[in-house]
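Just one chain follows, in the form predicted on its own, and it is written as structure tokens.
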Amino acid sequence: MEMNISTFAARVFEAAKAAGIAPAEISYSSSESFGASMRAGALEDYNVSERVSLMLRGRVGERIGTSSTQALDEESIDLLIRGVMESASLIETDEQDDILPPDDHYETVCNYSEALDAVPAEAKIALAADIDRRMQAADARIKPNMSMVRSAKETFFLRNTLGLDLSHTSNMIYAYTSALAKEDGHAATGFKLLWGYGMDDVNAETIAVGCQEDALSQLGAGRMKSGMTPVVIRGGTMADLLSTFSGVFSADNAQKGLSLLAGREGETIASSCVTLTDDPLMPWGMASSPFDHEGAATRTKNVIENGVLRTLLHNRKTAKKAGTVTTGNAAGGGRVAPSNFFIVPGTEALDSLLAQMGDGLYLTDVSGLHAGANPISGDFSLLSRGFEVKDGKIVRPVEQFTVAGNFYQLLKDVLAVGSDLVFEGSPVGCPSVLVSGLSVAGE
């Protein structure tokens, strides 16, 4: 018979104590997801899923063993205890992740909406149908693709026998549509995604109109001339680049030789107008949480401040190696990862950035990030699209060209940071930025 998590944890700790496992710690996550997709007036896909996972860690002598389960029943308790004992007996390394008591203080942060939790599936399906209907009634040049609505809820629970007792629940909803525009032998794709914590955040009209405008704006696209070109990078596109290369700011990667930022704290690694922040306490941030997966209190910190590398991101293990303290970025499984990670916005509007650039490229989309970017060296070469800019004004769409550069150098080449910070369905966000130049391979 399944138990609730509190009852199950208490039973596991009793069994662990009887088996000589002390201290012991349970980490538990449960997730619920919903998805509905519409195409041409028909419900094409509908799914609801739930997932539960639990890990027990415990010290057996001088070693810490681990065991996991997806069932909270009596039989699983015995399996978990045996698993920890066996795991501990097989460990040969002296590098052990400690089980520790709670920190003195944890901040309060909210990214959970009770109102969203109460929205019925029928309302979400109706939203997907509304987006689809608006797309079907669009400009004759528009051929709609799929319209979808997704929602998710996750709870993370962490408790140990040293007094740690933490839990955090978050949820969100997003809606998305895409389309193909065709005219005079030219074709272009468009999309629009909105996300948030209530139905008002995913307005059907805004999504449909945004997708249509994106597709139509790209019709008749030409090619950029090859050469080094000044570039304004759209915020969402800059966020894609930052997300791809975010691992260079992980102390774990640095200590393994997988980042060129190892040992460079205190050095200038970016333009003075670049401040890069990791903020797990952001109100309504997608990755906000008052504690990390090790139970360490999280805090807001500038990874880069006015161009200077202030810190890498640490869990307790990497912090111990570096002779510092954790930054609260343990992501489970020994990983280190950012939370809400973004370049702090400046004060200049996009039009101002384009005016400063004069002639150049407004880069709105890149593809092939997994194949065309080296997350260690920082090099990238990506198929792109955007708009050619003359005298600070957009003059025509351009596509089917590549932009190439190096992420480390890109940070140094930022000339100005825009005010339009955006998070496009990801906890990694950016405003638009003006950079002195990227290599363009076009016509």
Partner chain sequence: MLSMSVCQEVLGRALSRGGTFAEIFFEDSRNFSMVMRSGRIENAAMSRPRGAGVRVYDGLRSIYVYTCDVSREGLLRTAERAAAAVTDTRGSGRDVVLAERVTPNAHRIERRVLDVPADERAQILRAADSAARAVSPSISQVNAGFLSREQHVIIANSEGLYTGDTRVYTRLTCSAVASSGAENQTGSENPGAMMGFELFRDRVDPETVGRSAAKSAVTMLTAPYCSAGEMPIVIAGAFGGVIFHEACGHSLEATSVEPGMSEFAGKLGQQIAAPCVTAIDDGTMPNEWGSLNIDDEGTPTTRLVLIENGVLKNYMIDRLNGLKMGMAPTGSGRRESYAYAPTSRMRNTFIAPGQDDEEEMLRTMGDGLYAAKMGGGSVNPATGEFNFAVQEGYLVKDGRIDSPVRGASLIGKGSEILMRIDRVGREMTMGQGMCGSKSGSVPTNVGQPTIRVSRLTVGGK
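Positions refer to the first chain, counted from 1. So that the term is clear: the rigid core is the largest set of C-alpha atoms that superpose within 1.5 Å between two forms. None of these values were measured; they are calculated from a predicted model.
One more form of this protein exists, namely the form predicted in complex with the partner chain; it is left out here, but the text below deals with it.
Although the partner is absent here, residue 91 lies within 4.5 Å of the partner chain in the predicted bound form, judged by heavy atoms. Taking the partner from the other structure, the partner chain in the predicted bound form has no heavy atom within 4.5 Å of any heavy atom of residue 120. Looking at residue 62, you'd find every heavy atom of it more than 4.5 angstroms from the partner chain in the predicted bound form.
Although the partner is absent from this view, residue 252 contacts the partner chain in the predicted bound form, with a non-hydrogen atom inside 4.5 angstroms. Relative to the partner chain in the predicted bound form, residues 47, 51 and 377 are all within 4.5 Å by at least one heavy atom. Figure note: of the listed segments 356-364, 110-118, 322-330, 79-87, the one touching the partner chain in the predicted bound form, with heavy atoms no more than 4.5 Å away, is 79-87. The listed set 299, 310, 143, 225 contains one residue whose heavy atoms approach the partner chain in the predicted bound form to within 4.5 Å, identified as 143. Residue in contact with the partner chain in the predicted bound form (any heavy atom within 4.5 Å), chosen from 209, 349, 258, 162: 258.
Contacts of stretch 4-32 with the partner chain in the predicted bound form, defined by any heavy atom lying within 4.5 Å, are made by none of its residues. Superposition on the rigid core between this form and the one not shown places the CA atom of residue 75 2 Å or more away from its counterpart. Once both forms are fitted on their rigid core, the CA atom of residue 65 lies 2 Å or more apart between this form and the one not shown. Core-superposed comparison between this form and the one not shown: the Cα of residue 55 travels 2 Å or more.
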